[in-house]
Structure formats: structure tokens, C-alpha cells
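This text opens with one protein chain seen in two forms, each one given by itself as C-alpha cells under the names structure 1 and structure 2.
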Structure 1
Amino acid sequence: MKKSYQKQWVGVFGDPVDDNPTVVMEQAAFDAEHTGMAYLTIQVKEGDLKAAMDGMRAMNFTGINITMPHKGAVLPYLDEISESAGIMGAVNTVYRKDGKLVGENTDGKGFLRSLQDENIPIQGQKAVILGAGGAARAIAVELAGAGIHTVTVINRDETRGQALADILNKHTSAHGVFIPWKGAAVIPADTDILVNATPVGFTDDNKPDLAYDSLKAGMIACDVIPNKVWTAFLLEAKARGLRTLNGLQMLVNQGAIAYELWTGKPAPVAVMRQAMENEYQVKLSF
């Protein structure tokens, strides 16, 4: 067989980007599957995104992850955008299809796959999402696409929170409701799926300001925090008898979906999970 010295490049553009761990699981997957692909973690400053996108086209990158602050700004530099990424107004994964650069958002899809891993029903259910930023938007739109009945958004900033409820009501079949977050938020008793989509707990052991007595054992508590299996929020929910789902599982699953878009093949999820377990010295159960 003819030897090739050429790599197929993928990576991530962001700023800051040095703490982005995606390379760990993607490179482990590429190597395990002998794809000849390499993942680069690249700082792209705010005003340099156009040049970076032109560059990745010119250098024939297979695709790229997009992280803050470029998830919305990248849209004009793409040839196509998936329907859900268009509704969210945010792209985190770019891949090539028929020579075109296509934008997708795998964050919410990774969350959905995590629910599916655990056989948690979505159709007709009621979700409450804490926060209304990028992760909240991605999760809300994908839950809506999967047939959730209601998504209640609880957020401090009323404009942002109402805007997310409006997006759901305007563009999806789900019912979007907004509750302003003032003091300890009470979780409606008929909630099935409760999602912390704020960064609370990422760098410390804080938990979202909730009336924790309103969490009931039949609910499922989910966290987006990607660097821990047990956040203080999930520990509190577990102590109250709730089932839990962590953000590291979502991170692995959204990375697996990106792998599939880039390679056209099923991702070696076990390899990716193991790589993140080693990285964070934790054990995942899925």
C-alpha cells in the first residue's frame, strides 16, 4: 500500500481555547480507528474568524469545532447550516458535504443521546432548563425537536430568558415558558427533566440557587458541567432521590456526533469515554 505523509486536519477555533479538552477524546478516537486524522487546538481571536475560516477551506480541513466567542459569528462563513443550528443561531461543528462547509450544533444532540443512553423518555415530557445561554438554547431546541411537550426556561436576565421561550414557540412544536429567576427558584412539581445549563459548579462547588425542597424523586436532574461527574447540584439531587445525568457524558456524546460528521463512520464511543475518564480521573457509567 502506498504510504501517505499527509494528515486530514480537524480542530477547534476559539479564544480562550487552551483549556478545551476536546482534542483528548477526538485524537484518541482518530488513532484507535487509524483514520490518519489530527486534531489541532487553535486560538482564533475575535476579529480573525473570517481569515481562519478562509484558511481552513484553503488547507482543505475536514472540519472544525467552533467554540466561544465564535459560535454565532461563524454563520456567515458557512455554505449551509442545519435547521436546528439555524434556530439556535449557533454552530459548534463544521463539516464538509459535497464540497460545501456545513454548520451543525452537536451540543443539544449530545445531550439527547445521553438521555437515550439512559432510556429516559422525551416525547410528551416537561423540561425545566436553568439558564438561557448557548448550552440552554441548544438543549431546548433539540428537546423540542424530539417531541418534548413543554420547556420552562428559568433565567436571571429576563430578555434572554424570554427570547429562548419565544424561539421555542415560534420555531418548534414545543410550548416555551419563561420564569424570571429571582431568589431561590421553585421547580414546578410536574417537571420530568431538570437541566442545569448555567456554568454554576464549573470552577467551584456551588450549586444553582433553587428551592431544593421543590425537587421531587420522580424528576431527572441533568447537569451540563463538562469537567465533573458529580457536581454539587447533582449530589444534592441524588441525595433527594432523583436520577442524575452528568455533563461529561454529554461532552463525550457531542464529540462522538462530531466524529461521525467528519468521518462518516460510527464513533468509537468507548475509546472517547475512556480518554475523558483518564483525563479527569473519573469513572463514567454509560
Structure 2
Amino acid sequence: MKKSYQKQWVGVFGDPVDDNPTVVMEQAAFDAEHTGMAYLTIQVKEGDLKAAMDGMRAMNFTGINITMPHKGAVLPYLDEISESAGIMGAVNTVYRKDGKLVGENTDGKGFLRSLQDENIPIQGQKAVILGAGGAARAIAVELAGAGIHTVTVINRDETRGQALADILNKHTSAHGVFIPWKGAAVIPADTDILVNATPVGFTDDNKPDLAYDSLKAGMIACDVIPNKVWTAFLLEAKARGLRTLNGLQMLVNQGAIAYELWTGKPAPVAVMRQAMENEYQVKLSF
């Protein structure tokens, strides 16, 4: 049989991107399954996204992950997007299908898998999401599709925050509510699931500006920050008796879905999880 030296390329476009650990788990999965695929971590600045997407097409990439600040901006450069990604207005995974570039959003789906791994109920629950960017939209829409009762969005930009609440009310059966973020945000006492979907804590040890006394032990605190197991937000929540879910768990699950889109095969989730445990010297619970 003729030997091939050609790789199938995938990767991630973003800025900043140097702290993004996706390559660790995806490459481990590719190598374990002998796919002949390679994952590249590529800094793409805000004004260079079109050139990067053109280059991806020209170099026959199999797919690409999209991270901040490009999740919404990438839409015009795709041939198709999934229905849920269209509702969210955000894409984090691109894959080829019949010669076309198709956009999907695995962030919210990965988040749901993480809740399911921890046996956390969703149906009829009430969620509060901090932020209204791409990750927030993905999680809100997927929670709505899974039967959440209410999603309250807390955001400083009132236009974006209200827009997300309006999306939920118009396109899903969930009740969307917007609360302007002015000063230390107070979390409603009947909250079941609290999600930090802001970038606060990604490049520093800061935490969202909340009235932390309003966090109650019955709540579940989740963070989407992918490069830390314990963010300052989660440490604060844990100290107050809340159950926590970190962004690394979500990252593995959304990465598994991306793997399946790129390869057409089931993802070796155990391999991906082990790779991240080794990288961070931690034990993930799922």
C-alpha cells in the first residue's frame, strides 16, 4: 500500500490563543485512533479572520475551532450553519461537508454533556448566565432546548444582554430575562444553575463582580474558562458551599463533539479526558 505523508489539518483560530489547551486532548485522540490528523493552535487577530478562513479553504483544512473574538464574526465566511448556531449567532467549530464549510456550535452541547455527566437536572430549572457573548448564547440556547424554565442574563452591555433574552423568548420555549449588570450583581435566590460565561479569570486571577453573599449552597456554579480547573470564581463558590463545574470538563465534552464532526467517528472521550488530567495534574469527576 502506498504510504502517504500528507496530514489532515485542523486547529483553532483565536486571539489570545496561547493558553488554549484544546490541542492537548484533540491530538491525543487523533494519535490514539491513528487518524493522520494534526491540530494547530493559531493566533488570528481580529482584522485577519477573512484571510485566515480563505487560507483554511486553500490549504484544505478538514476543520477549525473558532474561539474569542471570532465566534460571531466568522458567520459570513461559512457556506452553511446549523439551526442552533444560527439562533445563537455564534460558531465555534467548522467542518467540511460535501465540499462546503459548515458552522456548528459545540459549546452549549458540551456544557449540557457536562451537566449530564454530573447528573445535574435541567428540566424546569432556573439558570443565571453572566455575560452575553458567544459562549453565553450557546449555553442559553442549548439549555432552552433541554427544557430549562428560565434563563436570566446579567450583562453590562444592555443592548447585548436584552438581545439574548429576546432570542430565547422568540426562538425557544424558555423564559428569557435580562438584568443590567451595575455594580456587584445580585444573584436571584431561586437560581439553580449559575454560569460565568465572561472572560473574567481567563488571563488573570480576577473574579466577576458579584454580591457573593447572594450565592446560596443549593446553587451549582459553573465556569466556562477552559485553561484553569479552579478559577477565582469557582473557589469563591466552593467556599460558600456551592457545587462546582469547571470549564475543563466542558472543554473535553465540546471537543469530543468537534472530533466527531471532523472524523465522522465516535470520540475516544476517555483518552481526551486522560490527556487533560495529565496536562493539569488533576482528576476530573466525569
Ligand code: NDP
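Note that the coordinates shown come from a computational prediction; the quantities given were computed from them, not determined experimentally. Numbers follow structure 1, counted from its first residue as 1.
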For this session: Tell me which of the two, 1 or 2, is the form predicted on its own.
Result: 2
For this session: Among Arg137, Ile64, Phe233, Gln254, pinpoint the one at the hinge where one rigid part of the chain turns on another between structure 1 and structure 2.
Result: Gln254
For this session: Measure the rotation of the smaller rigid part relative to the larger between structure 1 and structure 2 and give it in whole degrees.
Result: 16
